[in-house]
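Only one chain comes next, encoded as structure tokens, the form predicted on its own.
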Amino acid sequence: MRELNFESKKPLLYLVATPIGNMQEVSPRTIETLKEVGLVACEDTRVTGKFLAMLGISKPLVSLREHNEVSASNEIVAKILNGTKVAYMSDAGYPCISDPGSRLVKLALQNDINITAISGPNAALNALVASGLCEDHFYFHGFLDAKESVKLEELRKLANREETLIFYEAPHRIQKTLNAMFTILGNRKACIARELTKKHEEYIRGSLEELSQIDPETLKGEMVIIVEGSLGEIKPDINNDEIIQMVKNLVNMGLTTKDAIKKVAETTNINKNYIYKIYHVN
């Protein structure tokens, strides 16, 4: 069935993108929508309450976050079906993009509720277009897993993708993530974009090796990491020093020397006995 969102008699759920830093990026349409709805569902009522107060808007708030997404989605859908006009917004950027909201959208559609999105800022796209890396084709991954072994496996599966890769990362995990990227993806071009749209916005461009050597204490705020895609199947065209550094990085992450050597051998297609030899000679 085809229906025009704003000419249909069906109820409508509004997904509202919010500023990722600079509050001047609030659009007139965002303000108009938030004034019209009867209820604002949000990730954090404290954050959203301050945001609405800045706009001079007062609305009832209900929290929908990672830990209550199922029950809150049921509550919100019930209110929409009872005639309440609802907007859902995460703390920054678009709902559903590395944020809660997907279950709410699916449940709304299952209950014959239409969905519309109110446009706004997005950290991944801001970082991509200003990174200097290829933006013709890209793959958005979001946050890598916090567990190192899972993170390494995720990166291994992404290693041969030709598209530019986009990741989100937090300050307390940035160094381990950059080390893992250098280890698995090799010394590709990359860019860290942090504090986007804020006073201290910064783009740090260089190789993954160079970025992995930055003092993590200087990397504050939520970050986007843009990484050059593969230029072809990964081949063992790296020198001994780089191989040794890859092993050391994995050992620093908690792997045993044996497991680290095995992982580097799998990643580079280099004989593990050779890696063992050059690693232990140094």
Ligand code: SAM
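Model, not experiment: these values are computed from the prediction. Residue numbers here begin at 1 and follow the sequence given.
Note that the form predicted together with the named molecule isn't included here; everything after this is about it.
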V224 within 4.5 Å of the named molecule in the predicted complex, heavy atoms: yes
4.5 Å heavy atom contact, D145 and the named molecule in the predicted complex: no
Exercise: S90 in contact with the named molecule in the predicted complex, heavy atom 4.5 Å: yes
The named molecule contact at N160 in the predicted complex, heavy atom, 4.5 Å: no
Interface stretch in the predicted complex with the named molecule - options 91-99, 149-157, 109-117, 70-78, non-hydrogen atom within 4.5 Å: 91-99
Triplet I184, K262 and E266 all within 4.5 Å of the named molecule in the predicted complex via a heavy atom: no
The named molecule: the contacting residue among V105, A123, I166, C191 in the predicted complex [heavy atom, 4.5 Å]: A123
Residues from 194-216 in contact with the named molecule (non-hydrogen atom within 4.5 Å) in the predicted complex: R194, E195, L196, K198
